[in-house]
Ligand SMILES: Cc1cc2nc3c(=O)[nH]c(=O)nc-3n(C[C@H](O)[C@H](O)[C@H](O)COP(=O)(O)O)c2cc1C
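This document starts with one chain, in the form predicted alone, laid out as structure tokens.
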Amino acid sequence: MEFKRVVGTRRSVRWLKPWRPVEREKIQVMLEAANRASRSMNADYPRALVVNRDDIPEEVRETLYNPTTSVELDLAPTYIFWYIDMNYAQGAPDRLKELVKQHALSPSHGWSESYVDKFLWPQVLKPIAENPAILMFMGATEVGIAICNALNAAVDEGLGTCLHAFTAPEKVKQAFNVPDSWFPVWLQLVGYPLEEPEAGGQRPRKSLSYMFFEGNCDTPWKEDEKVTEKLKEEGLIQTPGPFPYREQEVRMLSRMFGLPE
């Protein structure tokens, strides 16, 4: 699938085929996409624990239910628990010097091994590593970028996926020996869509002029209609929901599992 169509097709898919397992190779594609995400300091921010639903002890799975996530936990065949490794700043000088050696960071932009050792680490990065608030902010941002790659990779592999609140992390930690330095972020549920992949249509979004600005914050971004039409042709902008038959689709799925309509 072309990139723009992947991004445009991504939905929070909550109806998944509980009987169809997700091939391990497709999960690897998702993890590799996350691994290739942009990352400041070239640090290893994200950690993920992949567990198939039926391998999670019942007493642990029951603790994951919450007001916004219940049926999905029964339907999804694969769970991915996403974390920040709060030790990510460790080894940052060596990783940056490696990039200097590869000429990814060059002298033309002020980079050198000496610059990393004598200025960047002691005066910029070390204070960050010692500040819990900044450490958390940067970690959450960078892991979010990685997860976004994983979401889009899932769509490209023909899977359905959605992020959910990660409740009861202590139970998961005890059950699966999660290291103390891992901070829980999101639970990603993955499977094959039971609903149509469009999931009732593209979700509503405000116009670009509502959220983005040009030159100064008093000047909203003005959309070029020709570009908008091109993006519709390429699948980034798709038909908004709800589709006319969406209510009936959800009703039939609910009946399939004996759930409230």
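Residue positions are given as counts along the sequence shown, with the first one as 1. All values reported here derive from a predicted model rather than from experimental measurement.
The next section is about a form of this same protein that is not shown, the form predicted in complex with the ligand.
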Legend entry - Location of the ligand contact in the model of the complex, chosen stretch of 80 to 88, 93 to 101, 164 to 172, 110 to 118 [non-hydrogen atom, 4.5 Å]: 164 to 172
Inset, instruction - With heavy atoms only and a cut-off of 4.5 Å, decide whether residue 17 touches the ligand in the model of the complex. - result: no
Inset, instruction - Consider residue 216 of the chain shown here, and say whether it contacts the ligand in the model of the complex, taking contact as heavy atoms within 4.5 Å. - result: no
Legend entry - residue 222 within 4.5 Å of the ligand in the model of the complex, heavy atoms: no
Inset, instruction - Look up in the model of the complex whether residue 183 has a non-hydrogen atom within 4.5 angstroms of the ligand, and give yes or no. - result: no
Legend entry - in the model of the complex: members of 192 to 225 within 4.5 Å of the ligand, any heavy atom: 203, 205
